[in-house]
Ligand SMILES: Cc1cc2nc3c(=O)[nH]c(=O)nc-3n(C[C@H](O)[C@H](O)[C@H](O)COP(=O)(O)OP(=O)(O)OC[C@H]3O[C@@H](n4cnc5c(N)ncnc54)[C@H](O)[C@@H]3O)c2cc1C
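Single chain ahead, written as structure tokens, the form predicted on its own.
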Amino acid sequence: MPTSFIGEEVAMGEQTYDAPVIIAGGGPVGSSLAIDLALRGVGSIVIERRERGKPFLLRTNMTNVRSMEHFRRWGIADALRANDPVPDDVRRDVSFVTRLNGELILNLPNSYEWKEPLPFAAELAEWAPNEGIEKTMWERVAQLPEIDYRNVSEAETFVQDEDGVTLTVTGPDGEYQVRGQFLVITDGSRGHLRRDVLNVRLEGNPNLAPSTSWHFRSTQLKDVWANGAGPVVSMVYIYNEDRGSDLITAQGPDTWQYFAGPVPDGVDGDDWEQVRELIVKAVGQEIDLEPLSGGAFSQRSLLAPRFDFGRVALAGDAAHLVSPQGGFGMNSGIGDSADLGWKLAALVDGWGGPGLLPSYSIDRREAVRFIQLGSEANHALGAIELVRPGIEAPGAEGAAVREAVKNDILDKKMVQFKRMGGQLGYRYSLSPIIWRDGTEEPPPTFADYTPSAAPGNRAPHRWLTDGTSLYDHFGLGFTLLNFGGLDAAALVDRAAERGIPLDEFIPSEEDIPGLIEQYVRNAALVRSDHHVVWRGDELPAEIDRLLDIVTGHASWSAR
């Protein structure tokens, strides 16, 4: 049953809480966590410093396949497509040019437009700026009464004890306190709660490249773009003898994003006038330019030593930073929310054990480090490596240089666009809350995805003969996929006795052979975030031990 009510205190035993979960930070990661919890009947208070409806501009443009699978179960995948603010006449291509009014080196049609379903995934990626992402999140938040979203509010400090966490907040009417069973910090890399209250430092590579990124408005850029190197596309990489940079379509027909990393020596990425000169050089001529927001930053690859601290957890950029080469920043945070949501709900509802929050650290640190390594490899193939003398020369000389750059792009840089392994192939092989079956697997690869149903992996997806996704049949707790007539009554009944949400799904006779081929066993137990926790041809003799492990009451050990 729901365990929180907005607008009134929640009594649990001798404790009184304002909500079971307090979330410090209301961006995509904090909002998605609140949505996940709400759909499980668990309430939250979200503290967000921005005014209502004002998105961050300098954020992600890509919601990848894995995140869209989570968006699907949160009921917002189609809404994101509808809220995409990029005009329809912008082609979802990627182009490589010398300057915007210069020579076309290579165009990759439909690189950011996906229409045909993927057999191995329940969703397609969506190229939509952060304005569309946050608009979609906030619309869903407004539909869920379990979420108390408080704007123009700043999380100041907190104290925790054995029963809960008390957060001090400064809001429009002054300072006050809220108390919850758990606190999740999702206020980004610059938030002070992790740094100053927890005293936790992110470790790794703090400066892959000094960079700058700006949103700006221009009424002339679109015409220059279309009349120069080609039609307006989602993203253009610019390589010339000055340097390399990127231009990206942003919120509307006259709004754009410029990115350069590393910035040229002597250029201050916070100085708009200096950045304006870089944009003019990239375009190839003077145009009208109005700055909206932006500044200098360092591309970083950093990771907290752990993500859980008693009743406090870190998620998103507060826990890790990923090189932007590959678009995994926000998406890694969405993965955090998907893993953390069901675990917090299990603890709040009483069927989760003390190992769940530590398992969040173990699971997500393994996944994020895998993504970081792939993104760091992509970073090494950045624009600067493709800047060549003579790339803009006239005649045969320049054509030969551009052809060589084109071949280098196809040979080396295309790996940046092959990242399905990074999206779907990470696994929780170190997790203490999976029942291992002894399967020996090769290491996952970042570029390519090979489905596997071994415990810890994302459950192999399949479109069923009735047109539904296999994932549409997963419940909010655990789902037993029964392919071979397994007698699951003992497991289902024991889970019910313990208050553990567990459903059984028996596919149609037409679907079973293909699923057995994918899963290799007659049955698999899958979490609501799509990860396999057990598979076998028959249930273990010790059903309670299986349930203890997958709910965090015990840790896996072979015996």
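Everything numeric here is computed off the predicted structure, so don't read it as measured data. Numbers for residues come from their place in the sequence shown, where the first is 1.
As for the form predicted together with this ligand, it is not shown, yet the points below apply to it.
Stretch 45-53 is the answer when you ask which of 488-496, 45-53, 506-514, 520-528 has residues with heavy atoms within 4.5 Å of this ligand in the model of the complex. For the residues T255, Q372, N83, S153, the 4.5 Å heavy atom test against this ligand in the model of the complex is passed only by S153. Contact annotation: of the candidates G398, P231, G188, G75, the single residue with a non-hydrogen atom within 4.5 angstroms of this ligand in the model of the complex is G188. Proximity of L37 to this ligand in the model of the complex falls outside the 4.5 Å heavy atom cutoff. Residue contact with this ligand in the model of the complex: M330 places a heavy atom within 4.5 Å of it. This ligand is not drawn, but in the model of the complex it has no heavy atom within 4.5 Å of V532. Proximity of D317 to this ligand in the model of the complex falls within the 4.5 Å heavy atom cutoff. Looking at 264-299, the one residue that comes within 4.5 Å of this ligand in the model of the complex, counting any heavy atom, is F297.
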